[in-house]
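This document opens with one chain alone, in structure tokens, the form predicted alone.
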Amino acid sequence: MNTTSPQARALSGIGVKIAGTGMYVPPGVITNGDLEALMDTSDEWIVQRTGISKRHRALPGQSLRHLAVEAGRAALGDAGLSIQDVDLLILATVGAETTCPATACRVVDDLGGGNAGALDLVAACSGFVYSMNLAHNMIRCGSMKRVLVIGAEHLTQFCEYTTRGRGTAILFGDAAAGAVFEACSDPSRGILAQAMHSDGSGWKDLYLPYQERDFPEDAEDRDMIGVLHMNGRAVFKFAVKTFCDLIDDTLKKASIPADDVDMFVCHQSNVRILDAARERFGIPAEKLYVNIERYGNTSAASVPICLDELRKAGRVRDGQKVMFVAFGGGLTWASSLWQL
């Protein structure tokens, strides 16, 4: 399921387009200055190492579901649709409110009800790209006509705002964004190449423990239950290599050079990782979008936020080739190269 050949697309007679996008960012804000007052850090240190100046935080009483519903409502509105027009909703998140029922089921209900299929997908920061690949493939094979994919995260609830939790607290923010994927009559539109990978041996480099047994045997800070734990150095090393290799492999599968891609829409985890990819492939700055300074790392919401902002600005539009790339806990990594 890593490529979609031109022959397969032509035989299906079904293309896939992005019919609408939308996002929601909660009004609460945590600046680097705020963090300076809470832990041993500085604005200069954070910006230099991550590129982040601020991140958003849900207000008291705002849940993950609230963020997802607002983003879903915006995406449906942009597409001129209601939830009753959708066959399936995929909610990509690491923070589902419950496992039974899936939070996605309640999001469908909150959006107006109906009988759309609904599921939560957990692939950390790769969640939206995983989900858009699945949505595309279900539409391409004819089993679905429209799929709403939402990436939503309420990550600040899993951060400890002290020096002990500095490694994750400086990075993560809350947000949600989504896209409506829809069948169309032009089979040339849709995914040209895709990939979804994991390496479970690296799970302990980024994990969220809910009880004692969830910790690695050699873990420190075992009292920090319900808090994100990250080996920043290991994740950075993994991300830099994986990110560049993933772009290279996806381009080879599609048999196109990097210059033919109009925009790279990448997970916003660290500006240094984005710069490394841009330099390796000689990508002009205007073709690799960066907004991490305003939102921080919003995990599964990161890629769709970029997509929505780019569409609204007219920088991503029909007829272009656009590559989506993400990597995260799991460890997971995924790509999705589209002919829009």
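These numbers come from a predicted model, not from an experiment. Counting begins at 1, following the sequence as shown.
Just so you know, the form predicted in complex with ligand COA exists too; it's not on screen, but the next bit is about it.
A.B. asks: Going by a heavy atom distance of 4.5 Å, is residue 73 a contact of ligand COA in the model of the complex?
C.D. replies: Outside the cut-off, so no.
A.B. asks: Might residue 270 be said to contact ligand COA in the model of the complex, defining contact as any heavy atom within 4.5 Å?
C.D. replies: Residue 270: yes, in contact with ligand COA in the model of the complex.
A.B. asks: Hey, in the model of the complex, is residue 32 touching ligand COA, heavy atoms inside 4.5 Å?
C.D. replies: Result no; residue 32 lies far from ligand COA in the model of the complex.
A.B. asks: Taking ligand COA as it sits in the model of the complex, is residue 166 in contact with it (heavy atom to heavy atom, 4.5 Å or less)?
C.D. replies: Flag for residue 166 set to yes.
A.B. asks: For the chain shown here without its partner, which stretch in 250 to 258, 167 to 175, 89 to 97, 153 to 161 has non-hydrogen atoms within 4.5 angstroms of ligand COA in the model of the complex?
C.D. replies: Within 4.5 Å of the partner lies stretch 167 to 175.
A.B. asks: Looking at 191, 235, 83, 183, which is the one with a non-hydrogen atom within 4.5 Å of ligand COA in the model of the complex?
C.D. replies: Selected residue: 235.
A.B. asks: Using heavy atoms and a 4.5 Å cut-off, decide whether 125, 230 and 297 all contact ligand COA in the model of the complex.
C.D. replies: Verified in the model of the complex; spot residues all in contact, yes.
A.B. asks: Which of the residues spanning 205 to 223 lie within 4.5 Å of ligand COA in the model of the complex, based on heavy atoms?
C.D. replies: Counting only heavy atoms within 4.5 Å of ligand COA in the model of the complex, the single contacting residue of 205 to 223 is 206.
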